[in-house]
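Same chain, two forms, each on its own as structure tokens: structure 1, then structure 2.
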Structure 1
Amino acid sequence: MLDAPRIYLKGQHVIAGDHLFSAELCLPAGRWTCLLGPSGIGKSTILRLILGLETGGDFNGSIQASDDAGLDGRVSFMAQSDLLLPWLSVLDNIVIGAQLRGETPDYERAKSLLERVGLSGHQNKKPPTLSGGMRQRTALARTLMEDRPVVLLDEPFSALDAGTRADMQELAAEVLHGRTVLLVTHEPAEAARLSHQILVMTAKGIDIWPSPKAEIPRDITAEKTLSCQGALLEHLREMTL
């Protein structure tokens, strides 16, 4: 794995000619940043801008890594939809990146990740036979399999029950240690537990919210974690009133 860079994004984005938002953010190198805000404010668009994907609008600005190298080949992305290929097995979906690049897949590592996400008994099944939560865990394993220095996650735990969500948060924090991670989430509890930096996106821009002074993943029952979660929830509620 290459060293994880700091990522800078600054500029304006116009959607459908009438919706304009300005964004300026810095993703610290080797740290988790959580991005929250009302639905439709542009959180997923930020991810797509960093990836260089179509957003349905124009971007006037810059996206730069601290090492001045391009981001091509250095970013892994987990979308809201699992994007699994229905004709491939769970195991083959996890190693699809290597196969598409013409590399020899590391099936042993893939099987190990399948075990970590609780799907070792399902490696030969096809995605249509899986539950929504199982499909999301498969997509998470595929993202972790890529082992990239920059990782973008768009609500990666949204389909999971509370216990499994906590387990997958801990797994992601462990495997992605030292990576530059941007997590889009609607969950204040998730941000309070996982983020070194919390960003709140508004119609006027992006604000930094104070995060607890403890390593991640934080104890969700700790006073500082709960305090951050509660205050952040109230702030988000006020934004929607």
Structure 2
Amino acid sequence: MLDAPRIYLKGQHVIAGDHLFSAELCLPAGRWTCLLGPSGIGKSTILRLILGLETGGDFNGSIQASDDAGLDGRVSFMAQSDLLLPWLSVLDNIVIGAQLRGETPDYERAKSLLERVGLSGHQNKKPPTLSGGMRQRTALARTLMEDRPVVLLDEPFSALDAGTRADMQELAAEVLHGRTVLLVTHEPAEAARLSHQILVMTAKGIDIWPSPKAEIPRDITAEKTLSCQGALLEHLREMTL
């Protein structure tokens, strides 16, 4: 199995001299962390910082992995928009990472991943012919194909209908097991189902919110999941008042 590292981030993000946010957070190794908070507070920026992408500002601080190795090439991400290339088949979309690095793609592995996300038989289809759920399954298979120990998810299921979303949450929890996952979401229900650790971000900083003890993905109807979801929703509402 992968050696998924713990990730520790601490620092301030500044755009053109304006202090945007201070943050300190720890992503436990091989566990799911959900990050919630009002829109525009900087959740996606944290994700971009860990990915090493341009944020339009400066970050004064540090991002460290527990094994002291750099994060370069060890993080993959999945966004709300599936980012599939419409001109490529499902199979070619899954191996796009290898193509972009100029490596020879492993089509056999790609096919087995397609089977794993329930898309066998669709490998030659073009993304525009697929449903939203199938497209996100393809994007998930592409993320798995990268086989990185750290996976960052930016509201990947928010555009799906409720039933498909619940299916995707279960599938993602299953196939990303053992990786260090950070899920940015607006959905208290999603956080209550999928988090080992729930973080709530405000302008002042990041607070830990108690999450249920059960293994993920948690039963939607379980009392502890529902009460966590309810309390979290109440808390988020109070913040926006």
Partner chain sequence: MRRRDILFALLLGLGIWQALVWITGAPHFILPSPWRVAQAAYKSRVIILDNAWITALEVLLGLLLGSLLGVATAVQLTLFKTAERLMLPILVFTQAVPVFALAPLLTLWFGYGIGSKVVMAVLIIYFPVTSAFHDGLSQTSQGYRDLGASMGATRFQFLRYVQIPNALPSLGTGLRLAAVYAPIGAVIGEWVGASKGLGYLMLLANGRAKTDLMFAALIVLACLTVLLHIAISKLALRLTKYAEGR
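Rigid core (definition): largest C-alpha set, two forms, superposition within 1.5 Å. Quick note, the numbers are simply positions in structure 1, starting from 1. On a predicted model such as this, the values are computed, not experimentally measured, just so you know.
The form predicted in complex with its partner chain is represented by structure 2; structure 1 is the other form. A rotation of 15° separates the smaller rigid part from the larger between structure 1 and structure 2 once C-alpha atoms are superposed. Per-residue C-alpha deviation between structure 1 and structure 2, core superposed: Glu103, 3.1 Å.
Superposed on the core, the two forms differ at Gly121, whose C-alpha moves 5.2 Å between structure 1 and structure 2.
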